[in-house]
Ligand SMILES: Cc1cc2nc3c(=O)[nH]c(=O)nc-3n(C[C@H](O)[C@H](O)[C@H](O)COP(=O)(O)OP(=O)(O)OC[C@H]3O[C@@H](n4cnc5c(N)ncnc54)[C@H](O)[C@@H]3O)c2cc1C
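Coming up is one lone chain in structure tokens, specifically the form predicted on its own.
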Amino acid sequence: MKKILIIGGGIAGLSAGIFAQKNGFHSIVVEKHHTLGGECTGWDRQGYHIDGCIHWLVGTKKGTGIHDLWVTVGALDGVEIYHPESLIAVEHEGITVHFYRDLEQLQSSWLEISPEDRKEIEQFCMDIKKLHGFSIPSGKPIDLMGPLEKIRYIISMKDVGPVMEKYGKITVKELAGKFKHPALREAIASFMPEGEYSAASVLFPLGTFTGGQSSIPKGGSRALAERMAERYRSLGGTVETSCEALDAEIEGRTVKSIGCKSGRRFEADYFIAACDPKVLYEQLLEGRYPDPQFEKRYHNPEVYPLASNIYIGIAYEGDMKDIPRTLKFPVESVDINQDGKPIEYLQMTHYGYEPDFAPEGHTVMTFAINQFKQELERWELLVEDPDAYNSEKKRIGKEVIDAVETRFPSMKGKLKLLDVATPQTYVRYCNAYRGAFMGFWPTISGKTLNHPGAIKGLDNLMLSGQWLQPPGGLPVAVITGKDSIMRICKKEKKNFREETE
């Protein structure tokens, strides 16, 4: 029986491990952290649970290929799905703009706000609706498709192509500028920060959400990862946690073994790096096998930006049933970055629909504040001084609580800071490059990366994970984990099986 060593126990690594076991391989997952799941996780603080990942999950609609894949790996098998009424609600000068799940409701509510924007609103909603028939391709990767399969794939993208062509050429700011009403402009612009970010990054989330393809699995991110880990173990997979991979022994074009921080070495026939590409290329491979596609992106952060966030967990002594699950509201004088430029909005998500996340009568809320190149560099310096680093986290937590109490006076005295995670938290626990929680963000001048995971010069090592395809995230992770095993099956001249016989 051929052995596969999988570096990284996140969603991509667990997916690869599950399909390795289903296809008759013996697999081992080595994971740096003591917990599996990677960035798909959550943590407990002071009797509360902070969900650290899923804002919405693409693949919750039955009958789609990506849903079937999630069920196969155990993530959604028998799981209750929560369908929030809106993706996000954005407040601006006393007006709340809702991005409703019901597209007709979205359109009518926007027309009520701004009848003069009828033409743009109707066109916007019409283009969103064109994406309802699209589902993320989750079958064979393109490099394994035959000619007829490629033709069918191209046909399946017929509705996506024109929308991508239209919105991929304009920025989010330009899309927002098409609307006359300031509240609509602000709501659309709030999806992304200032810059050359493609307007497609607005359309596609709304397409999957209003098309019923993305919702929220009950139990949250950690529970989803734990279900996958249980599925993997039930198939006979082996897990080694607190086992960070450090180096690779290579002979010719073949990786022979991987050495870990614990001092153990693991030999295998195949190796899958389901980890951050920087860890693979610069640490494990010591820079000897550079990849031009990744190098171009790493060295051009303006064209291929990376993003992380500050993630704040706050407990509230009360319920929030009358507040949208995710609400973006304006704030004044909230200094997060210490650069003299206060942020203008806070994005709050509450988990009132999860009774196990908080004591009875209480609610957990989280706040995600995007951080880009300048902020990421600042955190890299700050973490070198633990006292200053922890002091800054507490200061930010207090600033956010003060802002929430200003917006919701009834919450004053009922809020408690639970935790503040920073970009360096993602580095510490997940080896995420600069703390990035997603792949490269889409810009007008950036070219789309569709990487097959192959490492030029090595025959038995491949890369898997969200970095390989846009837009990144959990669906790409679970798909590419499976794809890695499909490619190994082809090398071994084995028929790939999704289900165990």
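The first residue of the shown sequence is 1; numbering continues from there. Computed from a predicted model, the values in this text were never measured in an experiment.
What follows is about the form predicted in complex with the named molecule, which we do not show.
**Q** Among 442-450, 46-54, 60-68, 455-463, which stretch has residues with heavy atoms no more than 4.5 Å from the named molecule in the model of the complex?
**A** Result of the contact check: 46-54.
**Q** Just to confirm, Glu244 within 4.5 Å of the named molecule in the model of the complex by heavy atoms?
**A** Glu244 belongs to the contact set for the named molecule.
**Q** Whether Pro475 contacts the named molecule in the model of the complex should be assessed with a 4.5 Å heavy atom distance threshold; does it?
**A** Because a heavy atom of Pro475 falls inside 4.5 Å of the named molecule in the model of the complex, the answer is yes.
**Q** Is Asn309 close to the named molecule in the model of the complex, meaning a heavy atom pair under 4.5 Å apart or at it?
**A** Asn309: yes, in contact with the named molecule in the model of the complex.
**Q** Might Ile272 be said to contact the named molecule in the model of the complex, defining contact as any heavy atom within 4.5 Å?
**A** It does not: once the named molecule is placed as it appears in the model of the complex, Ile272 has no heavy atom within 4.5 Å of it.
**Q** Answer with one of Phe209, Trp110, Tyr426, Phe99: the residue that has a non-hydrogen atom within 4.5 Å of the named molecule in the model of the complex.
**A** Flagged contact: Tyr426.
**Q** If you check Val279, Met320, Ile250, Ala223 against the named molecule in the model of the complex, which one has a heavy atom within 4.5 Å?
**A** After the contact test, the surviving option is Val279.
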